[in-house]
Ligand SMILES: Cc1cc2nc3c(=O)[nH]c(=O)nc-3n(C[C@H](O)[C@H](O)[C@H](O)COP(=O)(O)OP(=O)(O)OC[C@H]3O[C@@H](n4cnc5c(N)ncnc54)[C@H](O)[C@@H]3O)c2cc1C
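A lone chain, given as structure tokens: the form predicted alone.
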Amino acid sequence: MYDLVIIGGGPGGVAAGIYGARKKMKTALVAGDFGGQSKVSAEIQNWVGVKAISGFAWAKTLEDHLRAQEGLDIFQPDLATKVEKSGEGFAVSLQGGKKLETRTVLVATGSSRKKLDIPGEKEFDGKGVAYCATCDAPIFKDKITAVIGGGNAGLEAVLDLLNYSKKVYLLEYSDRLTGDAATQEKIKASPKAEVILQAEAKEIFGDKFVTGLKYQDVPSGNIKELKLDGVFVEVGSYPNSGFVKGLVKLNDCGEIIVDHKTQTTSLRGIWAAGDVSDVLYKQNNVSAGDAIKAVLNIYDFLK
């Protein structure tokens, strides 16, 4: 019987694993891999204490720090497929066939970005294709960029990029933007921003890095091209919470609802942190901090 089973290998899960081990709780961590969404980032510049690091190297530092802890059982690569109530605790079923019995559970499985599924997106992921303007906008200083998606996430990405890029295109499939009106006004007021409505992204192309984007003008059906250096995909994301659906309360977006003071969920004994929760800001540093907060609360709970 574990004191704590942590599910997730992103910054939240790793931070929780380190703290769980240091608190001498009998802790297990389950992860498919390490690093979360930022693993594919060309360069991370906002991880506290590190000026700049590639996503791949950053993920390796997380893993190395985690594996340096004593008394921590790591099940990787593996995934949690179900969490069930079991007596006074929980049973966590793993894809590999194991079942872990534990007194408490911390869900830190993050979210998955929705993709465009067009030619070039996968090939240039981390080579001009990005999914987090807050993380990667500074890399595109004095470059030409495009944001796909006219919701709040897309509009906020444009605002981030306007601080760095010399030109930012915003492409939206429908005939209007759906994000906040006040944010729309800021974008339309910038001479560096250009909104293209009824535009469907068709292909991202380039050489070693992105050099352009093809899109279809929906009314006419004509294919047009934009010469640019980066494409930010902001068509939404979905939290990786399916394995606890029906066990804890989720909001309409599928995020786990937590008490942001303690990270507790609606079910006693389960905590959640990071992008899988209804946290306002989806950031690596926030995920790590919230996960640490959760482990400290779990420690108090167990004592």
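Bear in mind the structure is a predicted one, so any value in this text is a computation, not a measurement. In case it trips you up, residue 1 is the first one in the sequence shown, and so on.
A second form of this protein, the form predicted in complex with the ligand, is not displayed here; the remarks below concern that form.
Site residues Thr27, Glu63 and Phe301 are none of them in contact with the ligand in the model of the complex, judged by any heavy atom within 4.5 Å. The partner is absent here; in the model of the complex, the one residue of Ala80, Ala199, Ile187, Ala133 having a heavy atom within 4.5 Å of the ligand is Ala80. In summary, the region of this chain contacting the ligand in the model of the complex, judged by heavy atoms within 4.5 Å and restricted to 236 to 244, 65 to 73, 263 to 271, 250 to 258, corresponds to 236 to 244. Of the heavy atoms in Ile44, some are within 4.5 Å of the ligand in the model of the complex. Remark: Gln216 does not count among the residues lining the ligand in the model of the complex, judged by a heavy atom distance of 4.5 Å or less. None of the heavy atoms of Gly20 is located within 4.5 Å of the ligand in the model of the complex. Residue contact with the ligand in the model of the complex: Ala108 places a heavy atom within 4.5 Å of it.
Residues of 1 to 22 lying near the ligand in the model of the complex, listed in sequence order, are Ile7, Gly8, Gly9, Gly10, Pro11, Gly12, Gly13, the criterion being any heavy atom within 4.5 Å. In comparison with the shown form, the Cα-Cα distance of Pro77 and Cys135 decreases by at least 3 angstroms in the model of the complex. Relative to the shown form, the Cα atoms of Gly55 and Asp160 move together by 3 Å or more in the model of the complex.
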